[in-house]
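Just the one chain here, the form predicted on its own, laid out as structure tokens.
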């Protein structure tokens, strides 16, 4: 689910016929080429054997995919909640709103914690990014930007660009003037995150791709093609030496990527609507996803399959964001019905509901030390829960 919808196409000369037309970016033996739709179809037909058609090959591909799913299904001997039957049931949680941060003039779309475990950074459709002191509720910095999304101290949004803004403790310093454009997509930028080196930046976009950029030079280091619609979210593996990340989008797929090769190494297609958020489990061996189909799902990368679905008949609104507790036992999920549901990851049951927001919850983030949860909402506020 995306609040804003944009259509964009790459236009230019075809690498085959040379005519200026909308182009399809495809890869042949890891080499990127830009062909028009006619040349792509001609290239495909040239490789057909006698008696073969594109329709027959598609049918064969679907058949092989079905057989692969059947073989994978034979290994699904037990569900996660069955394994966790003997695990002790969680005691009742007492999570309440401890702080309400007011200062934005429109929908708050993004929030993240700084590594000092005290400061927060948020962005809104009012065109401002605000750095907060979560203890005192004071604004540390305020930056006027012409974009709507913000992540850590990199900002991205609907101008198709991703920029880095250096943060400073000097309140009088003009941070917007120091903004440096790093990434450029052909459609809106939906998410960004620094890699472990802080010298590289990962982005996801409505153009259906993810990309890795060098912060200093702004050079594109690697592009990731595999989604067939807008990519709405990404998350980097938590390991310091991890070279993988996961992405989710409007094609209802969650893809795991190798940053070094640019290859899609795992793919999961069990959701029935847009995937709005993906988030790694603290150990890095699994991840969760939130979708407009009103479910959150849990995927084990080692088992290469979905192992749990978090849903209830009474939950009929889409899930917009998820995050794990520090231990990984709890999954916090923000929904479009203004609530935050807290799920027991192992048993698959809902253990609490957090009320307080007066509009859609757009983002939930657990603090680095695990002691607090921050939520952002379309009601123009942020809430800190503990």
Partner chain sequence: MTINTMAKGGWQREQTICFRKMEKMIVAMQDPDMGMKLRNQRLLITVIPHAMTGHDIIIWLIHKYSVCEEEALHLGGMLVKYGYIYPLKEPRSLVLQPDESPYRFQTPYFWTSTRWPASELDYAIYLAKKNIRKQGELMEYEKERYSLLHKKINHTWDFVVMQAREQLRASKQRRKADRIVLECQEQAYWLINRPPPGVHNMLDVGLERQNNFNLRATLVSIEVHRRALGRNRVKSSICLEGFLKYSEQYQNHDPIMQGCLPSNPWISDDTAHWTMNTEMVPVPTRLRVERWSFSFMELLNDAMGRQEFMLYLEKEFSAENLYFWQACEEIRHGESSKIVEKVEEVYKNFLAPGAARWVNIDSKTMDKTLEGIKQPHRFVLDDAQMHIYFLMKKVCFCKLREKDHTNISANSLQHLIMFVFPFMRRQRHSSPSPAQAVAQATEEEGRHKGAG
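Not measured: the values here are computed from a predicted model. Residue numbers count along the first chain shown, from 1. In this text, rigid core is short for the largest set of C-alphas that superpose within 1.5 Å between two forms.
Absent from the display: the form predicted together with the partner chain. The rest refers to it.
Enquirer: So in the model of the complex, does any heavy atom of residue 232 sit within 4.5 Å of the partner chain?
Expert: Residue 232: yes, in contact with the partner chain in the model of the complex.
Enquirer: Residue 104 versus the partner chain, in the model of the complex: is there a non-hydrogen atom within 4.5 Å?
Expert: Contact with the partner chain, no.
Enquirer: Using 4.5 Å between non-hydrogen atoms, is residue 23 touching the partner chain in the model of the complex?
Expert: Output for residue 23 is no: heavy atoms all beyond 4.5 Å of the partner chain.
Enquirer: At 4.5 Å between heavy atoms, is residue 243 in contact with the partner chain in the model of the complex?
Expert: Yes, residue 243 lies within 4.5 Å of the partner chain in the model of the complex.
Enquirer: Check each of 140, 143, 114, 80 and return the one that places a heavy atom within 4.5 angstroms of the partner chain in the model of the complex.
Expert: Of 140, 143, 114, 80, the residue with a heavy atom within 4.5 Å of the partner chain in the model of the complex is 80.
Enquirer: Where, within 267-303, is there a heavy atom within 4.5 Å of the partner chain in the model of the complex? Residue list please.
Expert: Contacts from 267-303: 267, 269, 273, 274, 276, 281, 282, 283, 285, 286, 292, 293, 294, 298, 300, 301, 302, 303.
Enquirer: With both forms fitted on the core, check whether the Cα of residue 59 differs by 2 Å or more between this form and the one not shown.
Expert: Yes.
Enquirer: Compared with this form, is the residue 226-residue 17 Cα separation smaller or larger in the model of the complex, the difference being 3 Å or more?
Expert: The answer is closer, because the C-alphas of residue 226 and residue 17 approach each other in the model of the complex by 3 Å or more.
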